[in-house]
Each structure stands twice: as structure tokens, then as C-alpha cells.
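So this first bit is one chain, no partners, the form predicted on its own, shown in C-alpha cells.
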Amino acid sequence: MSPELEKCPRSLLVCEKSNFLNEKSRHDFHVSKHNFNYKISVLMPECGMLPANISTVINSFSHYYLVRALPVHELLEETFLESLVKKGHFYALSYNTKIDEDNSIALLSSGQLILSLDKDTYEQLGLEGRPSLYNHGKAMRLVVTLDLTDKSLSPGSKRYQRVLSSLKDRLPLRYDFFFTKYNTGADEEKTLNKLLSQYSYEEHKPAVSHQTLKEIPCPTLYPSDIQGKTLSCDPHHFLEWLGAVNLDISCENAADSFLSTYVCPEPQSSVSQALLCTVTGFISPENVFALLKELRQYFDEPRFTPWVSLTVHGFMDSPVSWGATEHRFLKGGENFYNFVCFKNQDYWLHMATGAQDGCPP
């Protein structure tokens, strides 16, 4: 094996099996905690065209905004704080900031503002934080977490004024930001539009693409065998196969192919066709949950396939993965989860991140 391949970064994979109808199922919790998503892939074996109801859900995904050179203190201004941040369903993430090199900012729907800062920026701001979990020896990166819904940060309080002064006067940080929101009312729209009108911004709709795959080998999956001990292929091999399908890599190991010797894992069968639908943008957890709900209902009618797959990729340079758990890029930046939805409402959930990240919930 090539020495470079041996250096391939390790990853952490957590697998969970349950049923959507089980009152103890945590599928909605896991989706809601993964705040920052840039890509969704839906794979539907034995399907040639995206069903109309699923297409409708995808086309209704929230628009998102790329705001240029936005001062960070704008996220703390009183009207914005009260009208949008504290009501939830609003997300903000600094754009084009490399998490291992630059300062990176994230605003979660819970109202937590995460600032991942280099040492110089941290000392100039003068805010209280903690050393990053990824420092080696000296603390060269620090993380500031501000709960903007906490009473101590209510507009007018001493702590609020001190934080606002740090971000507005002491060191007025500016970054490009992604914004998105879900199901907000007229007042929230007015507040957001007022802010956007003061800066250069672009409004985007998530991009959607479809591809119909013909005569492809497909792993055999049984709901009861998530570990792949007898009836199914194991989770790592299944996710590897999904990645190959998404990248349009041949899984047949053809004798005349000099590009790929990859082969679909066993046990396997051949499917006549499969639909691959990909959505890219800044996608909220609420939109993901709406799509997952529609995929569950796909089996309300008889289908040839026993399962469909939904894969959700987080931003590689997001300062957090699930909830407020710190995330780093290191060598790969992997930060994703996958649902396999079966016709009996059982599901598998695979959650993957870098080996040095915190364990997914």
C-alpha cells in the first residue's frame, strides 16, 4: 500500500438502529442538532423519477443569503436579537473561513454564538472563553461561547454592553456570512430585510440535480442486521459504496477499467435503475426533517425497493458538528450523517466525524 494512503485520517462512526414509530426514537433530535448542512443526497433504488411529493418538499427548501463584510456585532443588535435570534429557526455561519487557520463564527438556532478565534484575536477582544480541544501544547486557538438567550446577555445588562463593546469598538470583526431561516413571520422578515439592505448580499435557492443510474450493483440490507454480521454488508462498506455512487465511480471492477478497481460489497444484488437526487446550499435542519418525513411516507405505497437512503453533509469548516460540540478540519473535515429508511419504518442512522471530534450524540 502507498505510504500516503496509510496516512489517511481515521474517522469516528456511530451507528444506531430504531423505528420511526418508537416513542423513544431520537431521529428528530439528531437532525435538529446538526445545524449547518451544505449537501443532501437521496438514493432511491428501483426508482427512475423523483416522486412529485418529494420534489415539492425539496423545492420548498428555504432560500439562503450570502452577506458580505457583515460586522459580527450586528448579530447582537437589540432588534435583531429579539426578533430573530431568540425566536429560533435562524442560522448564521461565517463563509470561506478555514477552521484550522482563520477565525470562524457560528450562530446556532438555540441562540448560542460560537467564536473560534486565534490567540491574538481572542486577547484583543477580551471576552471569556476556553482553550480549543485541538491545541497541542500552547493554547493557540480559543473558543468563546455566548448564549444570547441568557438573561445576563439581555440588551441593557452590563454583560451585554461589555460584549457589544468588545465586538463593536475594541475589535470590530467583519466576515462574509451565510444566513438562513425557517418558517419566520412578517416581523422577522422585516427585521432581516432591514439588516440585509445595509450590506451587499446575494439571495440563493438550494441547487437541485437528478441522475438516473442504470443496472448498478447494490448492497443487500436487512433492518435487523445493522452490523453486517450475516445478512447485510457492514456500515463502513455501505457508506463507502454510497460515496462511490455519489461520485459516479464504477462499482463493477471491470477488467478493461484502468480508473477504478472498486467493487460493490457483498452481499449484493443488481437493480435495474436508481435515482440519485442531490441538493446543495445552506440547508436548515428543519428542511432536512421535512424531507425525511416525506421519505418515510414513500413506502405508504407498494415499492420494489426495501429501503431508501438520505445522506446529509455538514460544512467541513464549521466550528461545531452536533450541537455545540467543537469540530476541526485536520485532514478531512468529515461531518455527516446518513439515514437508511426501510419500508417497515425501521431505520439505520450512521453519524460520522473526525476521530478527534467529540462523539456524536
Partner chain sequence: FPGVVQSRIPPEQSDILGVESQHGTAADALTKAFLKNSLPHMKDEDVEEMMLRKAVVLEYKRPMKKKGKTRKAKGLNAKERRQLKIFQLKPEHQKYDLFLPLHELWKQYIVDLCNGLKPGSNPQMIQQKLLKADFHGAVLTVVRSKCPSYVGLTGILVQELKHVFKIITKEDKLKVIPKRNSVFSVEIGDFVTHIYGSKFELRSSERSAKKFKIKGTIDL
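Note that the structure is a prediction, hence the values are computed from the model and not measured. Residue numbers count along the first chain shown, from 1.
Separately, the form predicted in complex with its partner chain exists; it is not shown, and the next lines address it.
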- Item | Residues Q124, L127 and R170 all lining its partner chain in the model of the complex, heavy atom within 4.5 Å | yes
- Message: Please pick out the stretch from 227 to 235, 127 to 135, 93 to 101, 199 to 207 that is in contact with its partner chain in the model of the complex, where contact means heavy atoms within 4.5 Å.
- Response: 127 to 135
- One residue of R174, R162, K86, K190 in contact with its partner chain, assessed in the model of the complex (non-hydrogen atom, 4.5 angstroms): R162
- Go through E266, E78, D120, D150 and name the one with a heavy atom inside 4.5 Å of its partner chain in the model of the complex. D120
